[in-house]
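The data below hold one chain only, encoded as structure tokens and taken in the form predicted on its own.
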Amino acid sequence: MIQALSGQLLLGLINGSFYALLSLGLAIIFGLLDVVNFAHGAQYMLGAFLAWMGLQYLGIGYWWALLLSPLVVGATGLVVERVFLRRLQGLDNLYGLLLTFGLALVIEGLFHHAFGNSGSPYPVPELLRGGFDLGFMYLPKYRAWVVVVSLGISLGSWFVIEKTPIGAYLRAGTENPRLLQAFGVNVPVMFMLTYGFGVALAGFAGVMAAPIYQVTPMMGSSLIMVVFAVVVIGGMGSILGSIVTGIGVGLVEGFTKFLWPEAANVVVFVLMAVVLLVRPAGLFGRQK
């Protein structure tokens, strides 16, 4: 029983690491740009597919893909912000949601047409094959790597945004962009880079997910609703809330799979409903 519970909690911790990384990108984009980025799941899928295509067609391995794929996804984010989202500034954020939702459908449709609906495997890098025998369970090295790196990237991003001058500029640009621009800061470029960084996190998560999950055009759409629920539970725009809630929801899912497997797919939405009833701004959000 202990071995089964440990296995489910490990699976929940791995899922929670992806929830934290993806919801972090969503929280950054919403909290600093006021954009509900529904294309986040498609950008996560794009990161995984870029890694897979790089390996299949160019011989680019995992470690280079971990660097290059997020940069390419982030660059596409810069184009999206500059060409589309910037035109919606000052409008209701519903317009941004509809735009990014349409963008997600286009990206997923193109990849579905090109690669079909069947999954494509991506090999675990040789350095991270094997695992650790903990006595009560076997811990694969790659899954331990995913947890450690996801937490490191998430906490590092939180530190930069909350504790450094760069983060202070970003928050000031959100509250009073004209005043910040008067001090010589190019606010539009800063916003563009912020969106690019947020979607690059999704691309990074996609590369790390490729050796664990099948690389499919719909891998993002099956995950994005859970990630949005995580963001709502943590508090829309709360960086720390997205990290803590992402890990917590993953562990709750794992524990639920052990006790009541049929409820594991809906427990996050039950949690969201309860949190919205008790604290509408989310666990870490600011009450208005």
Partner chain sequence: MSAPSAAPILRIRDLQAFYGESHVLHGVDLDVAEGEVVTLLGRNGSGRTSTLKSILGLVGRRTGSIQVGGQETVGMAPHRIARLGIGVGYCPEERGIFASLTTEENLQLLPRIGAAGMPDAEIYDMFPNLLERRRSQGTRLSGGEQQMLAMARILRAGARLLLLDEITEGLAPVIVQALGRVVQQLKERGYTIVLVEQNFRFAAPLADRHYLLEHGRVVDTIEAGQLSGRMESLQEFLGV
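On a predicted model such as this, the values are computed, not experimentally measured, just so you know. Positions refer to the first chain, counted from 1.
This next part talks about the form predicted together with its partner chain, which is not shown.
Its partner chain in the predicted complex comes within 4.5 Å of no heavy atom belonging to Asp133. Contact annotation: Gly184 falls within 4.5 Å of its partner chain in the predicted complex, judged by heavy atom distances. In the predicted complex, its partner chain lies farther than 4.5 Å from every heavy atom of Arg87.
Contact check for Pro123: every heavy atom lies farther than 4.5 Å from its partner chain in the predicted complex.
Stretch 176-184 is the answer when you ask which of 123-131, 108-116, 139-147, 176-184 has residues with heavy atoms within 4.5 Å of its partner chain in the predicted complex. The contact with its partner chain in the predicted complex, taken as any heavy atom within 4.5 Å, belongs to Ala172 out of Ala172, Leu155, Met218, Leu71.
For the options Ile212, Leu97, Val79, Ala168, the residue carrying a heavy atom within 4.5 angstroms of its partner chain in the predicted complex is Ala168.
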